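Quick heads-up: it's one chain on its own, the form predicted on its own, in structure tokens.
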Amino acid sequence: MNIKRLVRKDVASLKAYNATEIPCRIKLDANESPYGFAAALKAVSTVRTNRYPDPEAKGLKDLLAKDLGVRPDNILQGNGSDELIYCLIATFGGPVLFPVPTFSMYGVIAQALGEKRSAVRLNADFDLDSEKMLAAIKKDKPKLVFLSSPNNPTGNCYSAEKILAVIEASKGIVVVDEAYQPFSSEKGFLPLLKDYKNLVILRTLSKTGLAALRLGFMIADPEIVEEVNKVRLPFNVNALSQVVAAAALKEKRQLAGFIKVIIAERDRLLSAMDKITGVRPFPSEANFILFKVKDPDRVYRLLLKKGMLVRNLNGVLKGCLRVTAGTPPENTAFLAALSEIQKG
């Protein structure tokens, strides 16, 4: 039997997402927090492992709603933001519009579901190209528009005015993915949720110390939540993740402290990298920095040889690598290694 002949064409042409773990001493490639919530793991002892988890994650949603100033029926939980992106596309279909470069899963999931994709290049400043975005909205009439702000992998926030122009021009759903919002000086678009019924906000706990739990959540009008909830798989967020996340979210002072340190370290990295010959770091509102070097493949290889893993984005953005802000000692070691490599 030829299995490949049975596979849908949209899936056959896809490549599996490569998340291979590469051995290293200092891991700065995946935009994870260098800090976790070990104390929150004590909550696991309350879980009855023989019972299914709360299918609505009510306790967790109540906590999130209180923190965000919304109602629980404004929130839908997901097994990471990836699942919610999948559910949104499964619910509303395509065409799916997004700027590039950006988070790859918008396009990957749209293709996997057989939906038309429309990609518009960012401008030279990594901001939205308003003219082209609005033209694509008029021409393609997308059911969904995905805007990651702060954007991965560029690190910058899109201009608020340009995002608003997209929301107002679109007859479909506009999803502002705010995975990195905790590290941004911008307030984000949550305050505008009541003004625009077609606005959806995505958030995640993965970047602030809970990546192992795979927990994302969508904030939207209750009518949108109700429709997307129809395609959400039952019991999608496991009981262990629910109780550990709830315990961690109550540690507000610790969470705020972690975020403050990460922002300070990101800014220290940016300042120091700007002084290294042959390195061009780009301003960032996230927990990582995109930077350009003359020979990214060589720099990546030599950093790994020194035990430091960063992300090689040369195939996405010519000449670029991406480094996550780690602990102060990790960042100091990275800066020393990068400086030594550039001198060699």
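Just so it is clear, the structure is predicted and the values come from calculations on it, not from any experiment. Just count from 1 along the sequence shown to find any residue number.
The next section is about a form of this same protein that is not shown, the form predicted together with a small molecule.
K.L.:
With the small molecule left out of view, which of 206, 229, 198, 156 would have a heavy atom within 4.5 Å of it in the predicted complex?
P.N.:
If I apply the 4.5 Å criterion carefully, the residue I get is 206.
K.L.:
Consider the chain as shown here, without its partner, and state which of 127, 115, 140, 82 has a heavy atom within 4.5 Å of the small molecule in the predicted complex.
P.N.:
Checked against the cut-off, the match is 82.
K.L.:
Taking heavy atoms only, is residue 148 within 4.5 angstroms of the small molecule in the predicted complex?
P.N.:
Answer yes; at least one heavy atom of residue 148 falls within 4.5 Å of the small molecule in the predicted complex.
K.L.:
Check whether residue 180 has any heavy atom within 4.5 Å of a heavy atom of the small molecule in the predicted complex, and answer yes or no.
P.N.:
Residue 180: contacts the small molecule in the predicted complex.
K.L.:
In the predicted complex, is there a heavy atom of the small molecule that lies within 4.5 Å of any heavy atom of residue 98, even though the partner is absent here?
P.N.:
So residue 98 does not count as contacting the small molecule.
K.L.:
Using the partner position in the predicted complex, report whether residue 103 sits within 4.5 Å of the small molecule, counting heavy atoms only.
P.N.:
Within the cut-off, so yes.
K.L.:
I need the one stretch from 119-127, 148-156, 189-197, 229-237 whose residues put non-hydrogen atoms within 4.5 angstroms of the small molecule in the predicted complex.
P.N.:
So the stretch in question is 148-156.
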